[in-house]
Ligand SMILES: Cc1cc2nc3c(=O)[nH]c(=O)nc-3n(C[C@H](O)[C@H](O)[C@H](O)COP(=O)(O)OP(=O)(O)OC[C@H]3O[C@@H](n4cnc5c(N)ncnc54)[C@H](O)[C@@H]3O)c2cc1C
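Before any questions on how it binds or moves, here is one chain, the form predicted on its own, in structure tokens.
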């Protein structure tokens, strides 16, 4: 079916202004932040912008009848090609369907449509003294629907965990157009519910391969009254993870613990010299939150405990000083490209997760791989839960460097699996990591495929993502 014919069919479901079929409009949906997207042209056949569950249901019935792939998309901030039409089809742009329908303060939950931006949700909840704790770095652009689909987490996962811990129920449109409610009946407001199989957990993190999430019921928490932050500088990398363990064993659970290694410190100082981070093998940033007295006590304890291993430690509760301490971490993703004048930071191999006990080893091994493939890298991330973000920096115009970068990324992913970790801690699998699904999950991956085939026998929901590819390798 041609673009125009498909457009005619879609305009029987959606108003004409919410059906995009021109070449320019479709190309605007052909990329995300991933390295892979730079070298492919994943242009969808059409794009639709739904505003109701009924529209999404009618779309899925049409797609099922015509066997057309359907790809849900939020803000497009992902790094895995997860929202791209790698096999053509219809992209469903949910980003403008952004209503916060209700904040149920008495029952500590909020009802929202998938396009709500994370930052705006928390800005709205602040008026009720509440917040939704997962805290991705892309808070000002990523959507809550995308966070649910990828089970996102972020900077404060150490204390608050991942998105799945807050999803109480979902409205989902299945591939055949059927609409289901998970987590209880349509009027369910219960915080605890162990009735039936947990279908909510099945859809959280499913990356759009099982259905389209159209409404979300989230648990929310009281907003902490106080925050404090500590920055610790280490002359030896090994001392940083050891200091994190010391803090845990003292009975303190910070809300976030971030690490910058030598490469990250160098990149930040090149990008923003005024930040002037001290030269070191590692810098740790701790954040604690809670009531003011508790924050003050925990901060003093962290400073004392970490100070036994660090060259220096600074503790702050003044908002301006905390912002200063946080500036380096906040710019590192952008600063990475400054490692070389002709360099670009690529998003690939950027999200491995390893056991806490092996973080130092992983950082050392990644540096060895960097030298092996002659590709510069910057390392930073959420050391409190073993989630390392590696940023390769290359000249994109050099085919030889691109080839070496791909080899480096493959080695990093295989290193994570060999170390008892994962190829992704929070960014997802998409089309860039599904070749490792069998290695990472073994026979369980085949059960995942059976679940997919049961709910989506025509394989029209976001095909080519998450699950093991046919023939062992599928780079779309």
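Nothing here was measured: the structure is a model prediction, and the numbers come from that model. Numbering follows the first chain given and starts at 1.
Keep in mind the form predicted together with this ligand is missing from the figure; the text below concerns it.
The closest heavy atom approach of residue 33 to this ligand in the predicted complex falls within 4.5 Å. Using a 4.5 angstroms threshold between heavy atoms, residue 138 counts as touching this ligand in the predicted complex. Residue 79 belongs to the set of residues with a heavy atom inside 4.5 Å of this ligand in the predicted complex.
Put simply, residue 263 is far from this ligand in the predicted complex: not one heavy atom of it is within 4.5 Å. With the partner omitted here, the residue from 208, 169, 386, 228 that has a non-hydrogen atom within 4.5 angstroms of this ligand in the predicted complex is 208. Note on the partner interface in the predicted complex: the residue among 133, 154, 254, 299 having a heavy atom within 4.5 angstroms of this ligand is 154. Look at 141-149, 300-308, 402-410, 359-367: in the predicted complex, residues with non-hydrogen atoms within 4.5 angstroms of this ligand sit in 141-149. Heavy atoms closer than or equal to 4.5 Å to this ligand in the predicted complex belong, across 45-74, to the residues 72, 73, 74, ordered by sequence position.
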